[in-house]
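In the block that follows, a single chain appears as structure tokens, in the form predicted on its own.
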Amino acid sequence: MLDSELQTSYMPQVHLPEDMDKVFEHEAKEFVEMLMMYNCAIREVQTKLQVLNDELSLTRNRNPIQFIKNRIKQPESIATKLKKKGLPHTVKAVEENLNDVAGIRVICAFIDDIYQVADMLTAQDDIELIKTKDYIKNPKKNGYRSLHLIVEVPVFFSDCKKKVRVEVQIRTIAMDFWASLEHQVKYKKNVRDAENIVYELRACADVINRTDYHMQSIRDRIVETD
């Protein structure tokens, strides 16, 4: 039975501030064009992932990808990140220094699916792998786990071809659930008992990791009997 219900969020929503010309030094038009370019890059990478998932659904009768999310970093966040890096608020500074303006999150059922999807994506001859950060094998101190890839993909326009960088985060359902809750604690103000919550989340991250590997082991034993 083929699973054709892969969930995706296809068009990232970007909220442009009214004073765009003040935020990006009178490059409002160029900035909007840049966001369109990143949007197109997301479409390119997301389509590749969907095709790979469809192929594995046929050849292996299962889908490694459960669903895909995407986002374009909001203008205010871009400006804040440029400021932290001591860079000017210009389109050129964004394109040359920020790798995470366009982001895709890929949610898999099992840990080995994460690495399989990453290998298949980066093996394609028009995808260039720029950087890998493996927070599964080397989790962050707070317990965060995910595989991060910075890839560069060509986007074809009417009069040119441009290589655009996209950050791809690949994680399990449990890792994503944990990260969503941790994000709320991190960015929500005046959280009661925040210190203990952070401690509990760290402990939960270890439990989730053991559960992910245990579930994978069970899955492997089931597959062996087929």
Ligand code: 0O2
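Residue numbers here begin at 1 and follow the sequence given. Treat the numbers as computed from the prediction; the structure is a model and nothing was measured.
The same protein also exists as the form predicted together with the ligand; that form is not shown, yet it is the one meant from here on.
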{"item": "All of Asn53, Lys69 and Arg165 with a heavy atom within 4.5 Å of the ligand in the predicted complex", "value": "no"}
{"item": "Close approach of Tyr135 to the ligand in the predicted complex, 4.5 Å, heavy atom", "value": "yes"}
{"item": "Tyr187: touches the ligand in the predicted complex, heavy atom cutoff 4.5 angstroms", "value": "yes"}
{"item": "The ligand contact at Asn142 in the predicted complex, heavy atom, 4.5 Å", "value": "yes"}
{"item": "Contact of His89 with the ligand in the predicted complex (heavy atom, 4.5 Å)", "value": "no"}
{"item": "Interface residue in the predicted complex among Leu49, Ala179, Leu35, Ala41, criterion: non-hydrogen atom within 4.5 angstroms of the ligand", "value": "Ala179"}
{"item": "Stretch from 153-161, 55-63, 166-174, 197-205 whose residues place a heavy atom within 4.5 Å of the ligand in the predicted complex", "value": "166-174"}
{"item": "Residues from 102-124 in contact with the ligand (non-hydrogen atom within 4.5 Å) in the predicted complex", "value": "Arg105"}
